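Before any questions on binding or motion, here is one chain by itself as structure tokens, the form predicted alone.
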Amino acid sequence: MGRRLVALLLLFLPGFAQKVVRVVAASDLQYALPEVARAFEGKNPGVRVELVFGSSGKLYAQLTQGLEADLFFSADKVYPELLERKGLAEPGTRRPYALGRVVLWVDRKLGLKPGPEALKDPRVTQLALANPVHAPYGRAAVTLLEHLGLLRRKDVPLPGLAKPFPLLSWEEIPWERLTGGVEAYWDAAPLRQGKPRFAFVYGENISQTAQLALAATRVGLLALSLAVHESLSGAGAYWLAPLGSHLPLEQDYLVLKGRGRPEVLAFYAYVGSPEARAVFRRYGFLLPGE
């Protein structure tokens, strides 16, 4: 009888049922978190970690509507804070796990040196970025372009704001209401100048945005944690945006209300272990306390 068959039979015996930890996570963790989960599973036989990735804003909305999950990893601490306020998190479990970094990724075939000047080149006629309505990396991308002087805020009327849209800080912008596309609210003339055409191409999350950059636009504002993976590093090069040049990506995770089972708390704790931190560090995340 083979080992796999024995293992399968054991699952049906009392006391041997495999325990599952269900995790929903921001897409910038697409490569790092599976490595962390596999290492945890290796140390905890009988526990399996299920991972689902998406944009933090959409995952947050689904969690408020009853999505079944034990842990939530967000690319922006705003969403875990909101879950806390709604009483949907285990008290005291919200904790930072990383600070995300933004890069400008450019396909090597374009022959451009990655950097802000590349965005003005006539060969750059499309730019992939995550949808800022619900994706934190999209918001960071827009604020980076604004910081670089490549987007200029328009004086658009948005009812209910305490001050005019151009005077809002990055944190005060009502991103979830900006459903008309970036150019409905920002003037992209500096990006369009000298080009036959220019368009933003939106990904539903930062992982899909990376796929769009790789397969179609050839230029994108992406997560460093994805750009260092061989799927992107082989085909392109990147420029790392300085800290402070865009909306910060302070990333928190938490245990969802009523989900504090021993296996869930074990994985929650493992995320802060030296082994897990080494994985996050390798993918370019800045870590709490460093």
Partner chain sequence: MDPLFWDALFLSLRVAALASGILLLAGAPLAWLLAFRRFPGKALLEAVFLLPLVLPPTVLGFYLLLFLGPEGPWARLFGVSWAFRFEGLVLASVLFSLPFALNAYREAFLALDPNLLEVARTLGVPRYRILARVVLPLVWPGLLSGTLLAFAHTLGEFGVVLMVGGSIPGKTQMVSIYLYDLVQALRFAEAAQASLVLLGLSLFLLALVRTLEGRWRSWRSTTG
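The structure displayed is predicted, hence computed values, not measured ones. Positions refer to the first chain, counted from 1.
Absent from the display: the form predicted together with its partner chain. The rest refers to it.
176 is the sole member of 117, 176, 187, 155 with a non-hydrogen atom within 4.5 Å of its partner chain in the predicted complex. Of the listed positions (85, 163, 113, 109), a single one reaches within 4.5 angstroms of its partner chain by any non-hydrogen atom in the predicted complex, namely 109. Stretch 128-136 is the answer when you ask which of 68-76, 128-136, 95-103, 144-152 has residues with heavy atoms within 4.5 Å of its partner chain in the predicted complex. Among residues of the shown chain, residue 202 is one whose heavy atoms approach its partner chain to within 4.5 Å in the predicted complex. Among heavy atoms of residue 52, none comes within 4.5 Å of its partner chain in the predicted complex. When its partner chain is considered in the predicted complex, residue 194 lies well away from it, no heavy atom lying within 4.5 Å. Heavy atoms of residue 212 reach within 4.5 Å of its partner chain in the predicted complex, making it an interface residue.
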